[in-house]
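First, one chain by itself: the form predicted alone, in structure tokens.
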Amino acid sequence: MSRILRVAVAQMGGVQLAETRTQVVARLLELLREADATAATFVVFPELALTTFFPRYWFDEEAELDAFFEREMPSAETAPLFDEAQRRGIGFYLGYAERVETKGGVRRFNTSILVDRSGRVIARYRKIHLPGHTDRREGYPFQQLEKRYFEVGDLGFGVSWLDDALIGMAICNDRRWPETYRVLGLQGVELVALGYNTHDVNQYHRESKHLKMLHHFVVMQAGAYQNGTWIAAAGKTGDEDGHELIGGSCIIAPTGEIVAQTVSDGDHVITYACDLDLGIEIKQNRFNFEAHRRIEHYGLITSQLGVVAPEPPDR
């Protein structure tokens, strides 16, 4: 008998600077109710779902920056989401900005959590592949300051059991790196929950919207197929503080096929009954890691950071 997990992807329209946590959580609650109406038992919300994508702005004052960060989860403002999810028996993935106080000082991460159907946080992931820059760059349509505002995640890529499903987490730019899926795949991941915020233009080079969407999908489709896993990706879309975010929230099967996709802007839910056993044949045959991987030839992947090309021959 197949193992079915009804997964909902909760796409969000832009979150404006003027919106309060209470207003945003009210939107998340409505999306949760929509997901429940489709009989979903697991919901994926976007990256930095509680705020606007604030790394597009330069902040000099720490207090200004900290207004976008959560010190605990659940907090007083987010507790209604946890309570409602528990009442309805729905687990979820949620992305947010995390502020942690340690003996060494304050640490900040771009974080996601996995919450089970009892409302308990069972896993935490901190974004590893941070894009952007730390300096202020003039002449750009917006800044991309994730490297300034966040530390590189320190928890690695882990997997956790949620009911009968082995779930891994990733955030936005992680989806573009094959190492993300391979590390999760080597732990037997069956579904990758992924939130993102992606602008429809790059701040530093021109790329057509066609290529923007192609690359958004193709990296996830390849990761799903090559690791025999489902991927559920939730993004923000439409206008956010005068900047356009791409749509393309989707659910991808282990075959690499997109089985559900949003086709409009704004808050929107898509749901699919994911057969968790669909990836078994891929894992056992075409991409049977134990039978076919040759790690003795992959040393450069972990021993070398950037490209080192051989010297050209003498001419």
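Numbering starts at 1 and runs along the sequence shown. As the structure is a prediction and not an experimental result, all values here were calculated from the model.
Not on display, but discussed next: the form predicted together with another copy of the chain.
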Does G185 make contact with another copy of the chain in the predicted bound form, using a 4.5 Å heavy atom cut-off? yes
Would K103 count as touching another copy of the chain in the predicted bound form under a 4.5 Å heavy atom rule? no
Indicate whether another copy of the chain has at least one heavy atom within 4.5 Å of a heavy atom of E72 in the predicted bound form. no
Q261 near another copy of the chain in the predicted bound form, any heavy atom under 4.5 Å? no
Would you say all of P131, G153 and A291 touch another copy of the chain in the predicted bound form, counting a heavy atom within 4.5 Å as a touch? yes
Testing 31 to 39, 264 to 272, 51 to 59, 277 to 285 against another copy of the chain in the predicted bound form with a 4.5 Å heavy atom criterion leaves exactly one stretch, namely 277 to 285
What is the one choice in K212, R124, H243, R99 with a heavy atom within 4.5 Å of another copy of the chain in the predicted bound form? K212
Check each of D163, D135, D239, D83 and return the one that places a heavy atom within 4.5 angstroms of another copy of the chain in the predicted bound form. D163
Which of the residues spanning 222 to 243 lie within 4.5 Å of another copy of the chain in the predicted bound form, based on heavy atoms? A222, Y225, Q226
